[in-house]
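There is one chain below, alone, in structure tokens, taken in the form predicted alone.
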Amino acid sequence: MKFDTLIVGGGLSGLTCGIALAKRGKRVAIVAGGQNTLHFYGGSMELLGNVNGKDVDNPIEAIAQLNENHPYSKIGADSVAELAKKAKALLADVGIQTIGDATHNHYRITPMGTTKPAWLTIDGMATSDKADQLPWNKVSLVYLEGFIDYPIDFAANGIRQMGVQVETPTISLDCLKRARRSATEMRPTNLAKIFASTSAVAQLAQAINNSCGDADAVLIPAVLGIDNDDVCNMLKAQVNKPLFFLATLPPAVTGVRINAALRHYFQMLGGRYILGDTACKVVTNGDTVTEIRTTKLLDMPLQADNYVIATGSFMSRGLVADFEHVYEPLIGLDTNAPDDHEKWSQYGMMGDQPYMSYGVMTDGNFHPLKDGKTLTNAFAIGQILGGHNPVVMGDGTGVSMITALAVANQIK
């Protein structure tokens, strides 16, 4: 099978790049092994949240402080700013409405009741303009009886530490009785299916109205709207207080919804999404890739003019570590990891661990290096790239979307 572009990896970066190319009429295929890290996303995208241990207010201005190997440095601040606008517009195109922009971070409230710098947040999620102050004096933090993926005590304590009074009413609904028979059924995505019905939403709204008292706002776990925001808006219209959603532990409904919306839009544009298959062999000829074979299509090579590697980092096995080295398993691309494994980590589990900045090496146009030479018709995007620590710097989703769009612009 022959395509204009073949993308290996069906997560945020792969889908973003695929959509951008398909919108221009390109024949694009994505090889996706299965679930991806989008399922962990709590409702917000971060562009750049922290540099040198300090929270970032304006991510675009802060790019000047980054080292030359950071993906944003290769793109340039002005181009990142333009691509950030396109990323927000792309999410809107697929049906994901967000608040925020690239010139000023806001803060999303996490499941632990803390705040996290954010670039774009799904409309309706609980946010604040300040890291240590919330826009309410008193909130009703709703707990659904039996729900196991919502650390309400931690959330309540974290919110109280920011000077907000917190009440934690427990709501027991008839529509959840069957699910409560098994703890495994009381998961975010399962609850979202129950709350897809108007009767369940009405039950929830009535229970909230009966329990929220004199609170300024109601905060509930984000267990509605796995397909779209219709039921979220329905609930907000029926509750007589301002209502906002808090992210839950994975699998996050918001992340599942973003993933499904991106994939549906890509396929609607004519993109080929090969799900449940894994690239296992890449054939190269000099400085070019000529074909890719997958575990299920061994006798049918996939060929393209351009190849994009978007296989992620260690969690997605886009990078693999053994006792001797860190390597990229598909092509054997060069990485920035030192051979001495003693240098991969340092004391302090929560510190800035060196291995978290490891990834494949590329030139300034994101062509990956293999044995020191660039593969001219291949690109690497997203979390497989080295030069940044997505956890410490709060730039993971931003790097995924921005590098995907930057590479899509290069492919003619």
Partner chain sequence: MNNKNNHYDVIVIGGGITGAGVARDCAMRGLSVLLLERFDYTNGATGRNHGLMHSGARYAVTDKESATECIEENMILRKIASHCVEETDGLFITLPEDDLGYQKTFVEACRAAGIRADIIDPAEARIMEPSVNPDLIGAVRVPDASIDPFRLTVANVVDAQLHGADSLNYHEVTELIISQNRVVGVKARDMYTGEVKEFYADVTINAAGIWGMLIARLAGITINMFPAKGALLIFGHRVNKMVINRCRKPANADILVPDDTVCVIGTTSDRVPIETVDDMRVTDEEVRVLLAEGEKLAPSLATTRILRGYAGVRPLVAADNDPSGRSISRGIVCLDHEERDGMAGFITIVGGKMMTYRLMAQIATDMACSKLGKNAVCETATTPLPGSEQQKPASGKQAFAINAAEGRHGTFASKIKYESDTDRAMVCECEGVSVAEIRYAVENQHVPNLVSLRRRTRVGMGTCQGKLCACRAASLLGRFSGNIAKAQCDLAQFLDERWKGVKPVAWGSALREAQLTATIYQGLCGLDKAIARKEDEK
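Numbering follows the first chain given and starts at 1. The shown structure was predicted, so the numbers you read here are calculated from the model rather than taken from an experiment.
What comes next is about the form predicted in complex with its partner chain, which is not displayed.
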Flag this candidate site as yes only if T189, P301 and D305 all have a heavy atom within 4.5 Å of its partner chain in the predicted complex; otherwise mark no.
no
Would you check, heavy atoms only and a 4.5 Å threshold, whether G113 touches its partner chain in the predicted complex?
yes
With a 4.5 Å heavy atom cut-off, would you call Y41 a contact of its partner chain in the predicted complex?
yes
If you check in the predicted complex, is N365 within 4.5 Å of its partner chain, heavy atoms only?
no
Report whether the minimum heavy atom distance between R108 and its partner chain in the predicted complex is within 4.5 Å.
yes
Of 140-148, 197-205, 288-296, 266-274, which is the one stretch near its partner chain in the predicted complex, taking non-hydrogen atoms within 4.5 angstroms as near?
140-148
Among the candidate residues I152, L91, A81, L330, which is the single one with a non-hydrogen atom no more than 4.5 Å from its partner chain in the predicted complex?
I152
Report the residue, out of Q346, N58, T376, N69, that has at least one non-hydrogen atom within 4.5 angstroms of its partner chain in the predicted complex.
Q346
Mind listing which residues of 293-328 have a heavy atom within 4.5 Å of its partner chain in the predicted complex?
S313, F314, M315, R317, A321, D322, F323
